[in-house]
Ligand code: F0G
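Single chain ahead, written as structure tokens, the form predicted alone.
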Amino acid sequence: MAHQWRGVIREYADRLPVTEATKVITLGEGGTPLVHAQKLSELTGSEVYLKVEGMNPTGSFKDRGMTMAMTAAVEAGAKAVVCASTGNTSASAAAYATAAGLKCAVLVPEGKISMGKLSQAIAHGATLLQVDGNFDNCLDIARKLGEAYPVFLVNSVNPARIQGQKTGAFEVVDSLGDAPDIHVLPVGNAGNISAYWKGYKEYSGPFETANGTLPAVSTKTPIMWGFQAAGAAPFVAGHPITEPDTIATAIRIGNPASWDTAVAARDESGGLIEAVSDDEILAAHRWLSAKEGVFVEPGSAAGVAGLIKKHAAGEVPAGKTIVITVTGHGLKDPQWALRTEDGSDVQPVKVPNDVVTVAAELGLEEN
């Protein structure tokens, strides 16, 4: 019988803090493709898959958490929501607030957000304020607004966001039939690595709910590998970074909100959180586009950059199943696709209005 995907809350309602009476705010998020990465598999000798989160309604993984956060906001009787964002959260919050009929205020760091994401937040009617500071300053203000004023905070410090994002792990297991051996993610504010680990743990053992105990779905949990941009790598440094700096705007965060849970995900899984350079991120960004057919924003390529780097160091085991979450669509930050490896702009080849010349330029010969 045909089944229409209903969004992550209704698909996994038995594992989320909702009831049949809950008014669910959804745009049909989740159910994203798990794409076999043929070239990465050939490179590493393992079976590598990409969880393509850019296929969510606003083009990033943030929609998984936002459906839960906005549902919780409506349940709490909120009239307005607020978030701090490097871009994707603002796009998602604005869209879901519109669906919920709520006002949305977005705080973004001045000059440090891509136009693709900024345009989404504006298109959905959010009130956008550019703060003279970085993301961490924006989040500090957003927290204080949520504490002292009648607005509902929808950043990943809100536990509802993590509840929604954990469904990514459920989908991976449901697709593969079991958990992978290694799960790789970019790490910025660290909510996603925390959420995936939560999801994998809940799927691997009996899960207690208000309505009883759900059986295990998977037989194991994966090792969690997280990768930060070198200029914004507080987990690697062991302390917050005051002035984070990277071309990967989505992970340009110096003091992650989900610090403790990300460290727990790393340590409990026997995993790691390491850094990759901007050059390595852009090389992985080009790899995905040119070799796998998957177009992502630079921050999303950090996990792929990490896997390639670990393989070059001889530290990726062969014969394993590896999943990499690529978190946002390439159209979020398209200018990087228009640059060559040497940093110059891509220029189209101009040809006259003549089929013979066009064929010659393409290296084609007549039949």
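Start at 1 with the first residue shown and count on from there. These numbers were taken from a predicted model, which means no experiment stands behind them.
The next section is about a form of this same protein that is not shown, the form predicted together with the ligand.
Between the ligand and Gly164, Val172 and Val323, in the predicted complex, does every residue show a non-hydrogen atom at 4.5 Å or closer? Not a single listed residue reaches the ligand in the predicted complex, so no.
Just give me the single entry in Ala229, Ala250, Ala95, Met224 that has a non-hydrogen atom within 4.5 angstroms of the ligand in the predicted complex. In short, Ala250.
Name the residue from Val81, Val184, Val276, Ala190 that puts a heavy atom within 4.5 Å of the ligand in the predicted complex. By the 4.5 Å heavy-atom cutoff, the listed residue in contact is Ala190.
Select, from the options 23-31, 37-45, 325-333, 309-317, the stretch whose residues sit within 4.5 angstroms of the ligand in the predicted complex by heavy atom distance. Looking at the other structure, the answer is 325-333.
Residue-level contact is defined here as any heavy atom of the residue lying within 4.5 Å of the ligand in the predicted complex; does Thr67 satisfy this criterion? No, no contact at 4.5 Å.
Contact label in the predicted complex: Asn134 to the ligand, heavy atom within 4.5 Å: No.
Within a 4.5 Å heavy atom cut-off, is Gly199 in contact with the ligand in the predicted complex? Gly199: no, not in contact with the ligand in the predicted complex.
Can you work out whether Pro180 and the ligand are in contact in the predicted complex, taking contact to mean some heavy atom pair no more than 4.5 Å apart? Judged by the heavy-atom cut-off of 4.5 Å, Pro180 is well away from the ligand in the predicted complex.
Given a 4.5 Å distance limit between heavy atoms, list every residue of 48-76 close to the ligand in the predicted complex, or none if there are none. If the 4.5 Å heavy-atom criterion is applied to the ligand in the predicted complex, 48-76 yields Phe61, Lys62.
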